[in-house]
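There is one chain below, alone, in structure tokens, taken in the form predicted on its own.
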């Protein structure tokens, strides 16, 4: 029993971390490759930031929002604090501002890799998260917002994901209304919590004179076909009206650009979009509780940065939403038959070579999870 317990102990991992085994690891690799290829086909060039950066760089600008999620440690070489990335967006923004600072704008970059977070969420407890994403840097035009959503949608649909929808939000809208009504400090925090929980009664208590308007914003959430007319009727302060106009324009143009994409609107959603400065979005698929990815408009630096928009797709969620991965057929190649294997690999078969003569090649093929065995130069299916 002690041996079994020792093996179990060796398999234990920290909470939120896991081994990805066959065939799931292969499915993830294929999905990542296809997502990156879709982004590259739209002119997004791939970059590869490091796993660890100096803390002050990693958590500057928009990266400050990820500070609570970032593991920190001391670099034994430089004796400076470093952070293990919890998100790759800010790393790409740093690359754009430094290494690619003189490249023509708008700059289109994409990436794929793993991030580590201090804790997971209730819906997704994973702390190590696979990301594939793209950033469009150096443009404030609405066309950039449209492109970000459309390219992400195309990449997801290309994986065979059905029932795809995008939820558009505007995390700058509520702050604009609150500034116009002088809501700040702890009052604003209480109001923000009520809005985050979609608590209309709580908004009535904490919203002051702005409460009726904010309650109407809550009620306006839903399908774009009903949400947009409801938003258009609201008498908003000047700054908030400007923000609304952009959201409406993005929704209307997106419906024209990607007519098959279901669009919903949530004008008060803020959670996870704290560093965003304009229209933001999250993707969902039919039957999925968690989001497939999210993105939106932001600034790349502290006051001296650039306008940018982009998105991040979460590979774990994508694997759950896409059709089951079909691995290539496996062919067992007995000892001495290896010369013929290359021709079958060229046809798409995975060849598994025998390393020692087997008494029964068909039985050995079955033991090694091969559906075929090479016999006298021919494929024989294993039953």
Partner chain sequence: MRGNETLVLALPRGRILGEVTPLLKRAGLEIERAFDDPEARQLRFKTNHEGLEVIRVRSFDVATFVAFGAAQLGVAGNDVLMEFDYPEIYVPLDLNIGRCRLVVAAPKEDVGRDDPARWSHVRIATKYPEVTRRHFAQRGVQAECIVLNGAMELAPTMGLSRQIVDLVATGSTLRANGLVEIEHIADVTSRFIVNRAALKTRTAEMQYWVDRFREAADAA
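Fair warning: this is a prediction, and the values are worked out from it, not measured in the lab. Numbering follows the first chain given and starts at 1.
Beyond the structure shown, there is the form predicted together with the partner chain, which is absent from this document and is the topic of what follows.
Visitor: Would you confirm whether the three residues 62, 91 and 111 all fall within 4.5 Å of the partner chain in the model of the complex, going by non-hydrogen atoms?
Guide: No.
Visitor: Give me the residue from 252, 239, 154, 196 that has a heavy atom within 4.5 Å of the partner chain in the model of the complex.
Guide: Only one option qualifies, and that one is 196.
Visitor: Using a 4.5 Å cut on heavy atoms, which of 139, 128, 277, 165 is close to the partner chain in the model of the complex?
Guide: By the 4.5 Å heavy-atom cutoff, the listed residue in contact is 165.
Visitor: With a cut-off of 4.5 Å between heavy atoms, is residue 264 one of the residues that contacts the partner chain in the model of the complex?
Guide: Within the cut-off, so yes.
Visitor: Quick check on residue 294: any heavy atom within 4.5 Å of the partner chain in the model of the complex?
Guide: Taking the distances in the model of the complex, the answer for residue 294 is yes, it comes within 4.5 Å of the partner chain.
Visitor: Is there any non-hydrogen atom of residue 285 lying within 4.5 Å of the partner chain in the model of the complex?
Guide: Judged by the heavy-atom cut-off of 4.5 Å, residue 285 is in contact with the partner chain in the model of the complex.
Visitor: May I ask you to check whether residue 201 falls inside a 4.5 Å heavy atom distance of the partner chain in the model of the complex?
Guide: So residue 201 counts as contacting the partner chain.
Visitor: Quick one: find which of 76 to 84, 172 to 180, 96 to 104, 115 to 123 has residues within 4.5 Å of the partner chain in the model of the complex by heavy atom distance.
Guide: Among the candidates, contact is made by 115 to 123.
Visitor: Suppose contact means any heavy atom within 4.5 Å; which members of 219 to 235 contact the partner chain in the model of the complex?
Guide: Contacts from 219 to 235: 222, 223.
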